[in-house]
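We begin with a single chain expressed as structure tokens, specifically the form predicted on its own.
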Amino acid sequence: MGELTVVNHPLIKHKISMLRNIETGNKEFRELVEEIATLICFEATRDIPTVEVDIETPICVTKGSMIEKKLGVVPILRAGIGMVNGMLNLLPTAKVGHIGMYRDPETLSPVEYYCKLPKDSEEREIFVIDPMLATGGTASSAIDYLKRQGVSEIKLLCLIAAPEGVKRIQQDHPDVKIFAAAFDERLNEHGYIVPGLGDAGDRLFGTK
């Protein structure tokens, strides 16, 4: 079963509280999303393997550790874009792909409209990013797509997760670890996370 890790840190709790606040404007919202993404990324990369290398310091030669694993960041459009720079703050050499999906407001099912990945994605550990894990349908479909392209190492990073979404990912993709900044109560009748923070895309881009 895919493991859920809620990154329990005072800085994240503080920033998530600011994100939830209806008075937080678009500019500050974008900055907070980026900052929280960086903090989640730190936890999600904890188990990346390293190799021992020789390092020459100004004083002497010593042993050090370096990451050789190729990494990739794949935001689910459009809201996932808000987390990209936060990830790249820690993973500057990671390649970035994009998966465009939206949730049909009537059926709540995901609709795919755009997919573009690095050519060597199957050689990379891929971090799928999306601020909200609500029903889990969109994230599950995005992971399905990645697996069809030969990607075998996948982690899902989100800001806020609902129990329904976590259950869906764990059922559909038990090999995928989930990292979230907060684990909320439930979904409402419109498929929004409660208490949540509203529509992350609209608050990121000022479209509502």
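For every residue, the number given is its place in the sequence shown, counted from 1. All values derive from a computational prediction rather than experimental measurement.
The discussion below concerns the form predicted in complex with uracil (URA), not included here.
Inset, instruction - With heavy atoms only and a cut-off of 4.5 Å, decide whether Ile126 touches uracil (URA) in the predicted complex. - result: So Ile126 does not count as contacting uracil (URA).
Legend entry - Distance check, Met132 to uracil (URA) in the predicted complex, heavy atom within 4.5 Å: Yes, Met132 is a contact residue.
Inset, instruction - Give a yes/no on whether Leu19 approaches uracil (URA) to within 4.5 Å in the predicted complex, heavy atoms considered. - result: Although uracil (URA) is absent here, Leu19 would stay clear of it in the predicted complex, with no heavy atoms inside 4.5 Å.
Inset, instruction - Heavy atoms within 4.5 Å of uracil (URA) in the predicted complex is the criterion; list the residues of 169-194 that meet it. - result: Those in contact are Gly191, Tyr192, Ile193.
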